[in-house]
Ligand code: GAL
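This document opens with one chain alone, in structure tokens, the form predicted on its own.
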């Protein structure tokens, strides 16, 4: 039986249409199983941020292997430049990233990043450096994963208060007042301000009398902290009895200054940090750092990886314990020489 040419043409076109739709369906399926994460860090010389992003890469790979997903992670260093970070976001979107993880250079200046993401329909997970709450409300695909800075300050104050109450020798001049200095992260930074205020308020609430001798802004950096600490030692000599540092790296920098000046253990004040970096935990284990507050990079990395996967693959996010529908706070933990081996 012979088919009319016109009918054959129609059948051919239908077959081509079916093949075309089938190939499009396959392409869509491939795209939905591909997670391409673009990460921009405010400054990769920040030890905690570097450790966190390394753990994130491991977590997203583990999820990909378990769920048979193709995963790619591209990490960029903004080198503390908002302009460079904005350019990186555009480049990552142009490269095909379908999810962004942004560690903000400037937490109060997110407009360009949000506009680019929204325009290209690419969800954003901000991490470690929290945007202003109002900015997260600008679009329904903006999230934050990190920890509550207030909790870290409170815990640091509790660690310091417990040490002072249990070790009277910390008050070296015996005047009933603890003379202290602060190593601060960066001027105007929310976490730095809150950590310092909460640590001091907690100490006072525990009945510790305090006298602030000075402070040094070291931008979360060990080398800068060593320089600031040398200046503070030069100014106050052996009067310093307590050093509160906004992170471990600066606490270690402060200890470096005392080592460089060949100060004895008896003339070195007690130091407390925040983050629980590998180097910080080692210093706690060795007893040079009296304590730190563990900023759980493992849980944060896991939460980021799971949220990124859900957002790209269209899975429900209802099981995530969001605060205000946008924010995931992972808990801190107090670390001393007694429990450091757990971390």
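Residue numbers count along the first chain shown, from 1. Predicted model only: the values in this text are computed from it and were never measured.
The form predicted together with the ligand is left out here; the points below concern that form.
From the list 256-264, 87-95, 125-133, 163-171, the contact stretch for the ligand in the predicted complex under a 4.5 Å heavy atom rule is 125-133. A heavy atom within 4.5 Å of the ligand in the predicted complex is found for one listed residue only; from 35, 49, 303, 311, this is 49. Taking non-hydrogen atoms only, residue 189 approaches the ligand to within 4.5 angstroms in the predicted complex. Mapping the unseen interface onto this chain, residue 220 counts among the residues with a heavy atom inside 4.5 Å of the ligand in the predicted complex.
The candidate spot formed by 42, 247 and 295 lies fully in contact with the ligand in the predicted complex, as each residue has a heavy atom within 4.5 Å of it. Contacts between stretch 267-287 and the ligand, counted in the predicted complex as any heavy atom lying within 4.5 Å, involve 275 alone.
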